[in-house]
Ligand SMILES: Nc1nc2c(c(=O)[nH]1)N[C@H]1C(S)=C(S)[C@@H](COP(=O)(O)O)O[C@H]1N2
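One chain comes next, on its own, written out as structure tokens in the form predicted alone.
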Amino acid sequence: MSFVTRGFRGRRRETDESGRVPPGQYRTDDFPVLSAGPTPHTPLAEWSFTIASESGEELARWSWEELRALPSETVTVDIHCVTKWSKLDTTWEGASVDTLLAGIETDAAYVTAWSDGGYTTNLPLEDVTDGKAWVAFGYDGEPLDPEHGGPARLLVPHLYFWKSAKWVRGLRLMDDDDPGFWESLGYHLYGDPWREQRYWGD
């Protein structure tokens, strides 16, 4: 069994004059799938989302029903995968990370997102606040498909898409920038597509 899911290349469109596709990327109309490991299937009755401190202390927790009862937003954004495809004008529904962090006092500078299946990714706290990130449960007017991270994934569209962790289950507030799964294997700690920050040293 392959560790990384195949079938992520997409149908290439050779030209793009919108100014919205970062260097080294090509525009696709497909939504390619790339996953590290099998797709998890957690029953919604057992699903929860947690905000935790660096020590693991639970600071806030929502069941699926509680998450869906929070104020949600519909956003249309461009997304950019480190495998060099970009998809424009994608529409998502979700709860903003600002909503989830409301009322939590922290001096943390970073977060680690963690997911079903053991995946993690690290982000500066400022990159998931002030309207920059969501826990998304809908795509294109429908519930988010499991292959694309459903029931919920992190959505951080201004960074390469591996930072938008699929099957997300929580955020841990961190004092230091602790590399996640792909970052530990050589991917860039930050991942700005406009600066082509794909790998260490970029």
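The first residue of the sequence shown is number 1, and the count goes up from there. These figures come from a predicted structure and were not determined experimentally.
What follows is about the form predicted together with the ligand, which we do not show.
Of the stretches 52 to 60, 169 to 177, 65 to 73, 147 to 155, only 147 to 155 has residues with a heavy atom within 4.5 Å of the ligand in the predicted bound form.
Using a 4.5 Å cutoff between non-hydrogen atoms, Leu44 does not count as a contact of the ligand in the predicted bound form. Contact annotation: Tyr119 falls within 4.5 Å of the ligand in the predicted bound form, judged by heavy atom distances.
Interface membership of Leu101, defined by any non-hydrogen atom within 4.5 Å of the ligand in the predicted bound form, is ruled out. Ala133 falls outside the set of residues with a heavy atom inside 4.5 Å of the ligand in the predicted bound form. The three residues Phe31, Trp85 and Trp182 all sit with a heavy atom within 4.5 Å of the ligand in the predicted bound form.
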